[in-house]
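Read the single chain below, which is given as structure tokens and is the form predicted alone.
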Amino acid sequence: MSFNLAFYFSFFVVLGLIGIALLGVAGAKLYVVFGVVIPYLSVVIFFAGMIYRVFKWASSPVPFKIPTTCGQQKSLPWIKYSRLESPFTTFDVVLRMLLEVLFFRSLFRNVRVEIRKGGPKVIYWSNKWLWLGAILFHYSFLIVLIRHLRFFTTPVWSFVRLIESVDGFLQVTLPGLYISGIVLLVATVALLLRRVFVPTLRYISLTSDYFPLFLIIGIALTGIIMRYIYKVDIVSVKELTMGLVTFHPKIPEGIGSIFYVHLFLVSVLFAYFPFSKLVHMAGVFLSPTRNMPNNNRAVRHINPWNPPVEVHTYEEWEEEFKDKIKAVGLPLEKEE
């Protein structure tokens, strides 16, 4: 096993970010910068970047109808077509998109190819570990985000309390252990180790693959440390977050430095999100391979890049040459 430069670079960049936050808060006392300015700036960059990316995708012309298919296309009435593998209607497209977004259907069907020694022999086998890791990562991340809504709402919404109670039903620690936080950390580490230990994957991995994983691991670790080891004043934290969300920012006394490290890493993730691979969260809905029906035989797809063409219709041609047509004794359609 060997690490590549992208691995070390991403690791030390995240360490550097943690160091910047610690020096800025514990050393220079820049609480307003790390507690107000940077969070606001990151949110502005996030929304501006997302709007830019979505607008750019939505305005890009699609010259060809290119849905991804792997099933029978709809043709003759007596031939059964595959609704999910070759969607014909908008409803079929929505149904396939829901299965993809909610259950990662294409990843579940992923098949891995290996060359086994002793033959050599090429084998194809179902690889569900990546699908399981992706499901755990995304859903635990979603639950963690929903749980954090309690810091931005007063009173806390009932469904947030419900998710909190289900997530912390074990109650094996004080405060109660949230399963989603642990699962998020384990799943992210598993996705990182997969890139480290699988040679072919490690070969193609870039900084853009390692950096968000290290960043999310840092966010999860600082969150767990805040909750179970170096506890922070939750009342002061909520006072700060409510000030941010109501545009009346205030820096309360007594919040530990680890909170500002956590907030700074979250802010970096927000600002980085629209320009990273993580933006596939929005991109999947605008992918022409996913959002187009395979109805080429029924509906003509017009290429938006086609230049305007001057058309000379038969009626215009007949009107232009009607005297000559009459002269040779041929009938005219208008006079029939």
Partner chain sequence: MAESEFCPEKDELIRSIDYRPPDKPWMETKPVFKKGTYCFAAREKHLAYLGFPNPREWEVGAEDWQLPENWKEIFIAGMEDRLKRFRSFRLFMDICVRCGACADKCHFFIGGGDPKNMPVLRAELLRSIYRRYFTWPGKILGKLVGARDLDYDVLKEIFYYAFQCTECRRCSVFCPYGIDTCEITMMARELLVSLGCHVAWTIEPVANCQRTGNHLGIMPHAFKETFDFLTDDIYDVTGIKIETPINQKGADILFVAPSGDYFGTEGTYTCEGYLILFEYLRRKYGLTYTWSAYAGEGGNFGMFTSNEAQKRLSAKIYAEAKRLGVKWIIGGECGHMWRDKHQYMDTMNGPADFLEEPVNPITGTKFENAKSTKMIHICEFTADLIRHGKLDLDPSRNDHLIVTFHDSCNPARAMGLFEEPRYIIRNVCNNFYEMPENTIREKTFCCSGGAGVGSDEFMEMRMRGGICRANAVKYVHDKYGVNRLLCICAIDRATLAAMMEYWVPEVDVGGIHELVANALVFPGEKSRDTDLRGLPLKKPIKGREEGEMEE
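Quick caveat, the model's predicted, so the values are computed rather than measured. Note that the rigid core is defined as the largest set of C-alphas that superpose within 1.5 Å between two forms. Residue numbers count along the first chain shown, from 1.
This next part talks about the form predicted in complex with the partner chain, which is not shown.
Contact with the partner chain in the predicted complex, judged by any heavy atom within 4.5 Å, is made by just one of L102, L170, L201, I182: L201. With the partner omitted here, the residue from V235, L98, I251, I79 that has a non-hydrogen atom within 4.5 angstroms of the partner chain in the predicted complex is I79. Under a 4.5 angstroms non-hydrogen atom cutoff, the partner chain in the predicted complex lacks V36 among its neighbouring residues.
Although the partner is absent here, L206 lies within 4.5 Å of the partner chain in the predicted complex, judged by heavy atoms. Contact check for F270: every heavy atom lies farther than 4.5 Å from the partner chain in the predicted complex.
Although the partner is absent here, T89 lies well away from the partner chain in the predicted complex, with no heavy atom inside 4.5 Å. With the partner chain omitted here, the record of contacts in the predicted complex names 190 to 198 of 156 to 164, 141 to 149, 190 to 198, 221 to 229, defined by a heavy atom within 4.5 Å. Heavy atoms of no residue among G19, K29 and F214 are located within 4.5 Å of the partner chain in the predicted complex. In the predicted complex, F275 is the single residue of 240 to 275 with at least one heavy atom within 4.5 Å of the partner chain. Superposition on the rigid core between this form and the one not shown places the CA atom of W78 2 Å or more away from its counterpart.
Relative to the superposed rigid core, the position of the CA of F321 differs between this form and the one not shown by 2 Å or more.
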